[in-house]
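One chain comes next, on its own, written out as structure tokens in the form predicted alone.
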Amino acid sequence: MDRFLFLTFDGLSRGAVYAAFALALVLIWRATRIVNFAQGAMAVATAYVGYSVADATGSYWLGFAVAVLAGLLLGAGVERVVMRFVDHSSPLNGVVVALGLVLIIQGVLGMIYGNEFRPAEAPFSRDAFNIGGVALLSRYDVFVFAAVGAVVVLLTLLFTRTPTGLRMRAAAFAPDVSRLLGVPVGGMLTLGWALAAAVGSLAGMLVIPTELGLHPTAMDVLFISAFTAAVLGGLDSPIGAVIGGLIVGLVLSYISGYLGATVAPMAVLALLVVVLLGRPDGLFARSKARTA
């Protein structure tokens, strides 16, 4: 039972990061109907920027803030310079361009920073608290839950309580009608990409200290897990992305703990295949997905 409790809390902690990253994928999908396969590479690029600032200044929090800001700028730049000019007549066009961005970003990072793993320190201790003799959450896990929870709350308030959020939703659901009503659809799409990239950057800064460290391909495995979470919950459902992330985190934690870490990547792919075959629209998808 002690092991089960530890694996449960560990899975929820990792699942919170998957949820944040899946939420970034959902934001872009809802705005443009594109799965941004470059999201992981973009997050790594901003993490390199953040940790470079942290190393230069000695302040992790300044580096953290710079990484999120870099995500905002990178997301807006990718949409304005690249994705806006992609022919969307075929869904594969956006996928191919995104995969090309992955190769470019990883190549540039390798040339600048090298292809060796660089250590990335966490701002809080990762030693778990012992409650009743059971190792549960660490201070860093609590920080992860707080950061992801704050992101979910802020995005919920943005989309449900602000005029900007209303315009973003209108631009995604009915772009032609929105243009007639004076909504700057292009600007809303750019803002959607910027927010998604910022959330992805935050997720990258949260997860990289728990892995081997900084590397141009450090987010590849995480992207697969987050994509599985987004598909599991439904690419049109932000709430589904959060719940899907927690489910994937728990599944990976249990499998790693009881069957071995080498089995976990195959389990993620198996879960993705099962969801695509059984319920491709996701567990929390609407009865009929919108087409706008």
Partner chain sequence: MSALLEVDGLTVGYGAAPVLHDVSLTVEPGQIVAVLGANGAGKTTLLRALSGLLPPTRGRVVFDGADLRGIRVERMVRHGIAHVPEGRGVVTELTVDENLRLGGLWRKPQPSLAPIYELFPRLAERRGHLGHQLSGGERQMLALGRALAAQPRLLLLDEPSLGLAPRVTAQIMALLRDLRDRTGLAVLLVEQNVRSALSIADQGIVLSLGRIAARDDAAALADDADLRHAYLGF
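Predicted model, so just to flag it, every value in this text is computed and none were measured. Residue numbers count along the first chain shown, from 1.
Quick note: we don't show the form predicted in complex with the partner chain, though the next part is all about it.
Stretch 161-169 is the answer when you ask which of 161-169, 198-206, 141-149, 122-130 has residues with heavy atoms within 4.5 Å of the partner chain in the predicted bound form. Contact with the partner chain in the predicted bound form, judged by any heavy atom within 4.5 Å, is made by just one of L136, V183, L155, L72: V183.
Taking the partner from elsewhere, A174 is found to have a heavy atom lying within 4.5 Å of the partner chain in the predicted bound form.
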